[in-house]
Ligand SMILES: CC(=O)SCCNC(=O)CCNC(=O)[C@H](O)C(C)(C)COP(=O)(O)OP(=O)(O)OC[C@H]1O[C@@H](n2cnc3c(N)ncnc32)[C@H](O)[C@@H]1OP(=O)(O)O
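Shown here is one chain on its own, the form predicted alone, set out as structure tokens.
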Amino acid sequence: MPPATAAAVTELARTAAHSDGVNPLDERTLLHLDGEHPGDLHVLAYDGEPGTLEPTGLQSARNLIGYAALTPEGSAELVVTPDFRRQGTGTALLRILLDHAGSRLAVWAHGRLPGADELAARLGLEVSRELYFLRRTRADLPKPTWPEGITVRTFVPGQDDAAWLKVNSQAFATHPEQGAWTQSDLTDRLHQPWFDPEGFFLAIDAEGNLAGYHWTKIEDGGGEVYVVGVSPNHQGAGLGKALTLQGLIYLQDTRGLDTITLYVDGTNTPARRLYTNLGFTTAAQHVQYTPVTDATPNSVAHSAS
């Protein structure tokens, strides 16, 4: 995607987020707006003729009103600028995603805005997954209790990449977005302005193997439990709670942040229980829609996003 067009998509997403109070595109989608990412599909909707050409020859897409993204695995997102909603643009984008992905399509509705369920149902989609966005404000935290033999240090880029990718894939084997990360996915994030190895904690067992991790993130003045993972060999011993507390203490007490957020899958009952006990409350809900078996889509002229 030309840089000017990528910038236009980013601005479109920013406008929608300001209106809706929730970001319509996730981190992966925004990172894949430029660079080489074979297999990604970008769908652009314009008001009038497709884009304009600058003297540089790059498409500026000043009249961009909608955007949809599709990964090779079928995960998708779409957004329509607020001034052009309820005019069929979102429906057109979703139909294109269905044409390309078919039964593999899994499209996210961030914030589950009004109309999302109706549009999904009329196009033969149903909710198949829920993701909760949780928030915690400053409060006392207990000290972590570490299982026997565990030591903690911070991540060293280049040295710990392979071990982290291995444990991450094991810990999130049933979660396609996180568990399928490659070296390229990791490198993209290690090069982001917000990356700080001091907030990336590794738990090492007595044999020197990576047992688990807590990667925190600080951006725009807020802290995030970016991702916590525990190797299957070390689950059930309290390591996940200890790692979570390690990161929370770092964000709140060391970095002085008053608000910490995180995302957790709706099916991850133990993690949701832990976060509730640590003072997190639900701030928003995201849902993923997939095609209903043998469903026949009907027409509709509205998109919530």
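From 1 onward, residues are counted along the sequence shown. What you see is a predicted model; the values in this text were computed from it and never measured.
Below, we refer to the form predicted in complex with the named molecule, which is not included among the displayed structures.
- Shown alone, this chain has one stretch from 231 to 239, 195 to 203, 98 to 106, 120 to 128 that lies within 4.5 Å of the named molecule in the predicted bound form by heavy atoms: 231 to 239.
- Checked against the named molecule in the predicted bound form, the residues 245, 43, 271, 65 give one hit for a heavy atom within 4.5 Å, which is 271.
- This chain is drawn without the named molecule; in the predicted bound form, the residue among 227, 92, 152, 186 with a heavy atom within 4.5 Å of it is 227.
- At the 4.5 Å threshold, heavy atoms of residue 254 stay clear of the named molecule in the predicted bound form, well away from it.
- Under a 4.5 angstroms non-hydrogen atom cutoff, the named molecule in the predicted bound form lacks residue 33 among its neighbouring residues.
- Residue contact check for residue 264: one or more of its heavy atoms lie within 4.5 Å of the named molecule in the predicted bound form.
- At least one heavy atom of residue 172 is located within 4.5 Å of the named molecule in the predicted bound form.
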